[in-house]
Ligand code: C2E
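Presented as structure tokens, the chain that follows is alone, the form predicted alone.
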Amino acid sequence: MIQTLAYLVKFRDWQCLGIGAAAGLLLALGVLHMTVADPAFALTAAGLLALGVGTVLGMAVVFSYCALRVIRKLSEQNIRRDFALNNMAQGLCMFDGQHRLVVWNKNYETMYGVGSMIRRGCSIGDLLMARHALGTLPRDPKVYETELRAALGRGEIFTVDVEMPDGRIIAVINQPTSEGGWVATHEDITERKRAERELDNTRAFLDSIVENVPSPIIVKDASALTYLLVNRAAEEYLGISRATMLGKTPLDVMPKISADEIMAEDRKLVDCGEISFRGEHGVQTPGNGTRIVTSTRLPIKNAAGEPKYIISVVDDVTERKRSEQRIAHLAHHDQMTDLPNRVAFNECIDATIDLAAIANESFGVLCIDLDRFKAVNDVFGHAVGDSLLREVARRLEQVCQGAFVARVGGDEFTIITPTAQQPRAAEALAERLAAAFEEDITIDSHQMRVGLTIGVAIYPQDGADAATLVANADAALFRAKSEARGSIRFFEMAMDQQLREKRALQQDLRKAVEQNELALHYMPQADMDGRITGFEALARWHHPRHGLVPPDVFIPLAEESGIIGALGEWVLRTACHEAASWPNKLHIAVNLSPVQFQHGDLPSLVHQVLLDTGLSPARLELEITEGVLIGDFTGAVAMLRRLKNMGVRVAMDDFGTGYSSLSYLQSFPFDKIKIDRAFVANLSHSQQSATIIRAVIALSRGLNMPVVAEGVETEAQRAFLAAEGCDAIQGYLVGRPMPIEDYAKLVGRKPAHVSLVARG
């Protein structure tokens, strides 16, 4: 009723009530006039009552009409309100001052599944408990209500994101009203949150990429040129933290010379608005010294097409440049002495010849060999030997001021003199060099004396090209070493003849190896009772013109010319193939050159030969000299261990003739020691040889290594060795080196003539 009256007042229907009252009054008067003849009756109580009733009836009629209008308007408003509420994207609830539900919409019911449980007037606590029971309120209802009431009590908006068990996220906003109640909106923000998370993940992913890109990346504001982003690589490149850079300009953090260049490049980019690239240039950094870099600048433009940001991508090539310089230096310098190496020497001599030819001048080439270096290595070890080489290099450079000095081999050095009057200038330099080594050298408290043997060739009379000139200087050195260590020899034509003969013999040897013109002879090895246990394979070369060339002549030739690799493989393969065919499983011994350990993969070669020939590894014995271990000791021992791991046996040949054999025996477990033939040959007239042999046999017994004595030719020698406990012998007493056909019976074959008779 009150609400209806309120609407009546609102819509000014009180005017209709006045009109209705007047109409009712007139109607009552008309009725009285028609029914009562006496006019005075209207003034009586009954008349007044009738007039009042008429007035009220008129008002009632009008009131009913107005009420119908109000009800119709209220119904239309309710329909519009319900339509609006139920078509909201959010769920909505309205609570009064007693925290009771007064309004809600369909979205709220659907969102939480409370359509059958919700009712007008239920408390917030009941509603929350109902949702909790349905599983649409993952939080504790009482805690939730307490937090809600506390916020509303303070007149604050209470906002919370509720993550539903099914993964939905609902944003709830509780807005207090002036009457003490509140309105709550519930919005499903699952997709928005997912998009935000994806955006955050994408941003984090991009940030991670930028942060971990190995190239420095720097972003600046295009107008203020202040730093906005600096990745980790840029921090390392500049040598300062990004915290000291962000918000500042290059003038604030960079050295002035670099800051001015950077600012100029940035302003140029802003003006042109195009990508710019700057090639290699130096940048002085705040904390990392001068760096060599290339840089690319990219403008990022706004909607108006104006540069908003500047992205600088820097490629710090400093270390690469340093590495290239080191590589270039290493390519042209000896690692141990830091002198120019053979490559640098070849370039220098070519250039010197070109200049001398143009100026019609002369210069000298000195080939130098260090005397007694092997003894130093053997006695004091390789570390002292390396230090000695460095000291030699220092003295050579000190004497050869103005001359080019290079180390071209282990203890071999080569010098190119300046152009001057020759051969006087070269001779004077050679004499100064020899004098520089007359005093002792002290290395690690060890005093030692080494000398120089020098061979000299003069351009152009001793050679007009580099190859000839160096070869002739080397020939002079060879003559000096042959005649007198520590001497100086100039090249002579007779040396050239010897050199040509040597080269011709090398060519013939190469041809003989390629065309399989060499042969193997086999020397028997026996135990002390004379039983043959195996053979040593020995290469033989019968030259078409020179006849039989001794091994001590052609083996060094093969080593010097690089033929030893092919020759050694041929000997190994031929000997293994032959031994694999013997009915009697005797062992076969093959000598290895130190050069074979320096080039190629020797263990792999041996393994492949054993596979190809079918020879058991236990039957193969490889003989080495201590020369194998001189130079790259560690690498040689590693190869020997690989060979032993195959099951191959390794013997130390010519034991006792070197300087450091004892240390080598300690470093590697050899399977056999071979006493050099020189000691056996001197047994009859040298007590020292007998003493050395006794010492070697005693040493081998202590190391549990069998001993083989070489060069045994007499029964007296065999008897002495047997008495001393020697294990095996080889020499003419057992058998001479012969083709294997001559030992057919020993290896289990029938003699050739017997086979022919049998076939006949």
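Because the structure is predicted, anything quoted here is derived from the model rather than measured. In case it trips you up, residue 1 is the first one in the sequence shown, and so on.
The next section is about a form of this same protein that is not shown, the form predicted in complex with this ligand.
- Per the 4.5 Å heavy atom criterion, this ligand in the model of the complex is contacted by stretch 585 to 593, the sole one of 472 to 480, 93 to 101, 178 to 186, 585 to 593.
- At a distance threshold of 4.5 angstroms between non-hydrogen atoms, E626 is out of contact with this ligand in the model of the complex.
- With a 4.5 Å cutoff on heavy atoms, V571 counts as touching this ligand in the model of the complex.
- Looking at R540, you'd find a heavy atom of it within 4.5 angstroms of this ligand in the model of the complex.
- Within 4.5 Å of any heavy atom of this ligand in the model of the complex lies no heavy atom of E724.
- Checked against this ligand in the model of the complex, the candidates I555, L622, L388, A636 yield a single residue with a heavy atom inside 4.5 Å, and that residue is I555.
- Proximity to this ligand in the model of the complex, defined as a heavy atom within 4.5 Å, holds among D654, E578, D338, E265 only for D654.
- Heavy atoms closer than or equal to 4.5 Å to this ligand in the model of the complex belong, across 463 to 481, to no residue whatsoever.
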